[in-house]
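Just the one chain here, laid out as structure tokens, in the form predicted alone.
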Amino acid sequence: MASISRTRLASLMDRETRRFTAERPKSRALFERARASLLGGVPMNWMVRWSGPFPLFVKEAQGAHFTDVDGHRYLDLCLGDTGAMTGHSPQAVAEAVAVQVRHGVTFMLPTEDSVWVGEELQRRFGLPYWQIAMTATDANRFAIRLARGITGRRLVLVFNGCYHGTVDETFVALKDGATVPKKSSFGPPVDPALTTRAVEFNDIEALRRALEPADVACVLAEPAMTNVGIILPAPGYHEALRDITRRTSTLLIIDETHTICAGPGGYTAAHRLEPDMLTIGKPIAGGVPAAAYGVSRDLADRAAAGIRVEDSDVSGIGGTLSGNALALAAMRATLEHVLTPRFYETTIPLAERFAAGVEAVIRSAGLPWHVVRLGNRAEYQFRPTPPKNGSEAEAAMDLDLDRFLHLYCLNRGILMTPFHNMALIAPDTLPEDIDRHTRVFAEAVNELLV
């Protein structure tokens, strides 16, 4: 197997950093100016995570490309970390938003679009009743609160390495079998062992042991993990998960926020899962902040019995801007005209092309890496075989190598997701765009191995 010289890596990273800085004076100037008024120089903390010494400042975007303030045009394989999976400003969404914004943005009253959206979510995901939130974080918070209220239980079970938005109960890790705060967690309100039980993904025995005491309100799970790299479920895992949760009267919440990449009804519809609740956010409104969560008929009846109308605004479920008219207009346009079967018929073959190209480069170079794909999402990881769980995925991470490969691509007009080596494919992406990434990736690998 080939290996990477760390000395060579550091030298190349220095060269790429100097190039990045020299070619982007306007972004650099805006960042320096922003540091006087924005914490960290950015409007949201994650935006410091990019591989250069300062973030790009975007001027405009359309489809699969965007242009920065220095005039550089990029192929966008990050797509707002799934928020713009539909591509930037799809025409149907842009037109719907333009119309709705002239007729009112938020009323704390429903519109006809909300009925259409509820019926469409019901059709796609199989759950009969839906509510709208602002973000997937909110949808997951509300789902957890419903689960606790309905079951009378306190604990939530999640998988090591998971991510479900900024939900306190999910910022956990496993250490010597104990549930502890993630080392990155800033200001956790309580010891997470009081609220959460964590196990490894794909470990059926660990799941059974964790749920046998019958004190867990719900399992919150992505059907395939995506935040520590793509980790696919082992054959039979979902069947076991559903069986064990039912036998222990534990509710099952499936978070499709990233796995909507698998098809129009996400991984749930593609693999006939049967969750008690389902949450989804990010791309379902074409980039406009919106999310949704659905519940079974039984849970809807039990929730309705527990929340009095006169207390509905102080129940801890919902928010003043949730379900606003603008978000619902965008959701309807996205679900009706953008996230359709044709979207996946276009983008999944391109993701297959991406994965095949990267795999060929890895194989040719003799590197102990691999590629994994889920729908129109693909990712390469620095280990010879796909990880089975979060611990295996985290052990394979190489932040220095990540940063170099991201910056190398960025200097050649390609944006990858900053948190890992993921590419998400928009419908406007062309085969030649994918092939350009393959060539750039091959050039980077060749330079590392010289």
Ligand SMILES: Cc1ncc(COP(=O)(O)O)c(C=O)c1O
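Quick note: we count residues from 1 along the sequence shown, nothing fancier. All values derive from a computational prediction rather than experimental measurement.
If you look for the form predicted in complex with the ligand, you will not find it shown, but the lines that follow are about it.
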- Message: Quick check on this chain: which one of E379, D113, D276, E222 has a heavy atom within 4.5 Å of the ligand in the predicted complex?
- Response: E222
- Query: Considering the ligand in the predicted complex, which of D168, E352, D81, E200 comes within 4.5 Å of it through any heavy atom?
  - Reply: D81
- Query: Does the ligand come within 4.5 Å of any heavy atom of D76 in the predicted complex?
  - Reply: no
- Query: Would A136 count as touching the ligand in the predicted complex under a 4.5 Å heavy atom rule?
  - Reply: yes
- Going by a heavy atom distance of 4.5 Å, is T86 a contact of the ligand in the predicted complex? no
- Quick one: does F125 come within 4.5 Å of the ligand in the predicted complex, counting heavy atoms only? no
- Item | Interface stretch in the predicted complex with the ligand - options 233-241, 172-180, 96-104, 249-257, non-hydrogen atom within 4.5 Å | 249-257
- Message: When the ligand is placed as it is in the predicted complex, are N140, H164 and K282 each within 4.5 Å of it, taking any non-hydrogen atom of the residue?
- Response: yes
